[in-house]
Every structure is written in structure tokens, then in C-alpha cells.
Ligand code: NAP
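Next up is one chain by itself, shown in C-alpha cells, the form predicted alone.
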Amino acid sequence: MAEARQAELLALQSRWPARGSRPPRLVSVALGEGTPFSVYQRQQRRWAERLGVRFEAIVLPEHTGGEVLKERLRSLDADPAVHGVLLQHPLPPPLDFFDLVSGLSPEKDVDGVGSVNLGRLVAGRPLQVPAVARAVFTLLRHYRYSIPGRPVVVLGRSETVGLPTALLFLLRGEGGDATVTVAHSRTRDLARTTRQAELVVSCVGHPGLLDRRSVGPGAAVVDVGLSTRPDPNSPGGMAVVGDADAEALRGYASALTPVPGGIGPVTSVELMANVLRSWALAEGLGAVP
């Protein structure tokens, strides 16, 4: 699936005029080394290389102050040779991730979570959308899953995953027009709510949350959750798992995305698509779907 989207983006690039002196460039900013975000940065670099995006990782001291970090982001945002800026999250308090990314221009906010990009999504005029949310729709489109009119439950309401995913389902047009319920930790009788959906998108990081009691027969499940659990047969003694009990749902759900290997790789490609979108706008080449 990720390879299909990669091929689509490479084909699009092949139709563009020859690149100028400023190729697409992504800068990823982290505080401290050896964090989970460091692993994500390595994945970013691999996918950037596959799609012709120059990648730079900036690692600042762990205790960098808010003003210093804000000034570094301003400098990157003002650089015409930079087309996308990523900031590690979550950030240690008292740093405010939302405030910091909202200072980026909307094109370069390739995480899609700044105030302008979220506001555009609410208004039905998306520019940069969080890559995880885009990945959900790329996957559904790839498998020709029809969305309009369907009852959909999105589990989770974070500004980086659950909320933008729900808003995309509500957009008018072929890829949206769903009837959406957003459920979360305060939802009463959660299992009853999710069983009413034809499609469940789970983004909460709660292993085993979805099973035959909480998923209706024949429903489709897109598992965005990511957690670890002890497993002596896995490298490091830990296995990566999603929110769904895959064994329980096998032969019961009409479709279930695997974890790992489902949404994750597609998300990495969609992040690079956001960088290419910013670059194409800067170069006057039009939109990136």
C-alpha cells in the first residue's frame, strides 16, 4: 500500500518541469537524543530519500528554552530553501507544542496541526493535513472503500490524529460525507457506540480495545493505535500491537489493518507528500493530491 502511494508521487514528480536550484527539503527538529522521536526521524530520512526529498535532522539540547526554540523555528520558516518543518512532540513542559507550530507558515507546517491548518480543515478547505489522517483515507481509497453515508466511529480526539480524521470524514465529496461519531475515554457504553459503526478508526493506543464485543459483525477496522507489550519471541522482548484484538476479529470483521505494517508506512509516505505539496506551491507547480 505504501509502495503504491510512493509510485503515485514519483509519477507525479516525473510530470513536473525540471527542478530548480531548490529541491524539496524537510527539517526535523528534536530536543535531546535517544528519544522515541529519534526513531521516527530515521524513518523520515528513509522515506525522504525514496521520494527525492532532502532531509535534515536538528537535535537541540534537551533543556532548550521556549524562546530559543521559537527563534530557531522562525529562522527555518523564513528560509526559502526549507519546505517543511517538523517539531518533536510531545514536548516537555512548559513548552507548548501547539503554540510553537502555529508560528510556522501553514505550507511549512507539514504536521498539519497549527492553528491555520486546523482552521482550514474545519472550514472544509484543507491545506496541510496530519499525515496519519491522510494515510487513513489513502488506504480506504486504495481499496475502493466507499465512505459517503456510512456510519463511522473515530476513537480518539487528539489534534494530531483523531480530530483531523473525523473532520476529513465530514468533508463534502467522494472521500467524505460520512455520518461520524467521535468516541473517547469519557464516552458512556463505548462498546455499544462502536458496534453501531460500519467502519471503526481507532487512534487511542489501548491494546485489545476492539474485539467481538465492541465491533459489529462485518464492520471494517482501521487500526491506528500503537502500543507495546511484553513478548519473549519479539526483538527486545517487546511486541508492537494496535488497538484491535486481531485474532478475535479474524473472520469476523470484513477488513482489519495490521499493526505493525498497516497505517505506519503509509503515514511516512503522506508526510513526504505534505513536503512535496509545500514545495510544489512554492515552485508554482500546482496541487499534490
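Note that this is a predicted model, so its numbers are computed, not measured. Start at 1 with the first residue shown and count on from there.
Just so you know, the form predicted in complex with the ligand exists too; it's not on screen, but the next bit is about it.
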Can you work out whether the ligand is within 4.5 angstroms of a heavy atom in all three of P151, V201 and A220 in the model of the complex?
no
Of L127, L91, L170, L190, which one comes within 4.5 Å of the ligand in the model of the complex, counting heavy atoms only?
L190
Heavy atom within 4.5 Å of the ligand in the model of the complex - residue from I147, V101, L209, L118:
L209
I'd like to know if L155 sits close to the ligand in the model of the complex, meaning any non-hydrogen atom pair within 4.5 angstroms.
yes
Considering non-hydrogen atoms and a 4.5 Å limit, does the ligand approach V180 in the model of the complex?
no
I'd like to know whether Q196 contacts the ligand in the model of the complex, with contact meaning heavy atoms within 4.5 angstroms.
no
Hey, in the model of the complex, does H184 get a heavy atom within 4.5 angstroms of the ligand?
yes
Counting only heavy atoms and a 4.5 Å cutoff, which of 62-70, 258-266, 49-57, 24-32 contacts the ligand in the model of the complex?
258-266
At a 4.5 angstroms cut-off on non-hydrogen atoms, which residues of 225-263 are near the ligand in the model of the complex? List them in order.
G225, L226, I263
